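Next up: a single chain in structure tokens, the form predicted alone.
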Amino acid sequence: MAERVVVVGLGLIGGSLAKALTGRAGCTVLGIDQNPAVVEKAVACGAIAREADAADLRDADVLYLCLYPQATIDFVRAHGAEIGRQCVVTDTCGVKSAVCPALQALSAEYGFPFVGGHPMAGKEKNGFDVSEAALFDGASYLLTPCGAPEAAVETLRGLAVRMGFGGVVVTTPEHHDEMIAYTSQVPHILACAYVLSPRCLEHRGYSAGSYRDVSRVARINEQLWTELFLDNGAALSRELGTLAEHLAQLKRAVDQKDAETLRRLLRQGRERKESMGE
């Protein structure tokens, strides 16, 4: 049972992990963030015991890297020699093929185990101020072992359960990225494209649940998501092509007043959704 944890990056995900690891998993959690004010807030509210230093990286049982993809790689390159060989290193990036090979190579170079990770939870707002331990209640935790020992995977699985995650899915970086392109990245692009309509500026008084559901994730961190989209460009482009094809079919049926085709396409969508038990 891991007890000594360092969380690097105390934003929404890192801050929420710190709070859950401290309050629910009973770990001793230390933190690192480029903003000293954030570290002070995290200490003041009890999310972390104190700021971590190089000695803490050597002694930690688990190191959570809650940074943007390139920053995650850069941190390990800069501090790899300081990380203890017993420490299970994991990330929280929303893409895996772009980060896992580099982190696997660094883990081999410095001798610590690395397991890719991705907690499937979030909010439209970012930063430590909106972090909360309950963010992960019932959520899925994705793990990409990347050749790490089974004991390292089990360490992270156990912590996920203790934090309140609903389940752990073990997969490969490639399959992770294919699925995330569909379940996460396309919806964000669709929401942004949707609100770019000039009608969006006039929606008040005309909109209800459908507008909210489709537009919700358009409140996006453009810096982070640009990096995620481009890092997963091939899989994302394939999914966007599939979406564009289906939109074109629906548009053509509307343009041609083809009620039979339109009913067929809508029925297929309904039946697909219902077949999933949702």
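All residue numbers refer to positions in the sequence shown, first residue = 1. Remember, predicted model here, so these are calculated numbers, not experimental data.
The protein also exists as the form predicted in complex with another copy of the chain; that form is not presented, and the subsequent description refers to it.
- Contact between Phe229 and another copy of the chain in the model of the complex is found at the 4.5 Å heavy atom cutoff.
- Contact check for Ala78: no non-hydrogen atom falls within 4.5 Å of another copy of the chain in the model of the complex.
- Looking at Cys200, you'd find a heavy atom of it within 4.5 angstroms of another copy of the chain in the model of the complex.
- Among heavy atoms of Arg204, some come within 4.5 Å of another copy of the chain in the model of the complex.
- Comment: another copy of the chain is not present in this chain, but in the model of the complex one of Ala102, Val186, Ala134, Val161 has a heavy atom within 4.5 Å of it, namely Val186.
- Interface residue among Ala37, Ala44, Leu247, Ala55, judged by heavy atoms within 4.5 Å of another copy of the chain in the model of the complex: Leu247.
- The putative spot formed by Arg24, Arg50 and Val153 is not touched by another copy of the chain in the model of the complex; no residue has a non-hydrogen atom within 4.5 angstroms of it.
- Residue heavy atoms within 4.5 Å of another copy of the chain in the model of the complex occur in exactly one stretch of 87 to 95, 70 to 78, 136 to 144, 104 to 112, and that stretch is 136 to 144.
- Residues of 95 to 125 that come within 4.5 Å of another copy of the chain in the model of the complex, judged by any heavy atom, reduce to Met120 alone.
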